[in-house]
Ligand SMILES: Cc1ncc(COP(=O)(O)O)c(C=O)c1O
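Quick heads-up: it's one chain on its own, the form predicted alone, in structure tokens.
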């Protein structure tokens, strides 16, 4: 008789609501391939070509040769197991200085297999005791909450305002955690054009948050995948750039700036760690033990591709990405204009106006759950993401709100997708 396993005997992450929601979105997209997807938050395909791969690889090999590596060393760098924390520390540190004004030593940079691995490593390394918890802005990116559940780390929500996180809400949440006998270790947020809300923190609030983190003895996990894509050129300093007390661990990715298939991210952890004997190391070095048990090291070939991209860009992703920034600005403007055209006369519908990024949130007079999404794909030819996916299970948050993404489509398809969505809302609106 063949083995049959009880689902109840598998780890909770197998049936985790966040994982299930992402799988559901992929399944719906596969069932309705002709539907316009305002759900996909991926980069636009038109910016990526397989022709880039050879050029980036050759550029990186030339860079290694200029550094004095001979042919055998260059071959080994790409084709063998490599350093756990990766080879791109110097290039990434230079990029952070040029583009963001962040000054960190290259040894503080860990190259990861996508930003998702950086989240897992940070959570696993920081949350050492059973009562250690992570605070996170809610609504929250499901990659963080899903990673925490996989590790058995509790996530405590901190409500988000229209202007992103209000720093003065953090102390009360941290105090409640401590009163219950648990320890708040870190706070996760996306300060620039957050996923899913699109909200951004004002600069004054960023400075205040750093003060609050010091007062509450919290580390900050700053995730910044969308910072390049503001609607204007107004400078938005990262928390890490403002950080003078090394409170911030910075999570980065090349998915949007280079291309997502490379699966290269990074973690900046420049905090000092002191052991019982008084020896001092960098947190990035300590966390390498966690990474070595996850992926051994990030693919050297993928690192070489991203390394070639950085060399070609002169380590300024911001300068090299001007065409992408212009495209995403145009798409967000197209989305906001389409919402005004399709819903401007409907007092029952509201939406926010993000200052950049890939996402906006639409509040509608109907329950927007998985069943309604299926109806939308089948009968109206448009897909979107229920905001309930980004709230704690059972909280009831986001049940009448939709996340709209404008990044993966040509501008004209964005407008058509919103028009189809407006038909759904008019037809399916629930009576007051």
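Since the structure is predicted, the reported quantities are computational estimates derived from the model, not experimental observations. Positions refer to the first chain, counted from 1.
Only in words, not in the display: the form predicted in complex with the ligand, which the text now covers.
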If we define contact as a non-hydrogen atom of the residue within 4.5 angstroms of the partner, is residue 190 a contact of the ligand in the model of the complex? yes
Please check if residue 119 has a heavy atom lying within 4.5 Å of any heavy atom of the ligand in the model of the complex. yes
Can you tell me if residue 114 lies within 4.5 angstroms of the ligand in the model of the complex, counting non-hydrogen atoms only? yes
Hey, in the model of the complex, does residue 86 get a heavy atom within 4.5 angstroms of the ligand? no
Pick from 354, 184, 225, 164: which residue has any heavy atom within 4.5 angstroms of the ligand in the model of the complex? 225
Looking at 288, 169, 195, 325 here, can you tell me which has any non-hydrogen atom within 4.5 angstroms of the ligand in the model of the complex? 195
Answer range among 305-313, 252-260, 92-100, 271-279 for contact with the ligand, defined in the model of the complex as heavy atoms within 4.5 Å: 252-260
For the heavy atom contacts within 4.5 Å of the ligand in the model of the complex, list the residues of 126-147 involved, in sequence order. 141
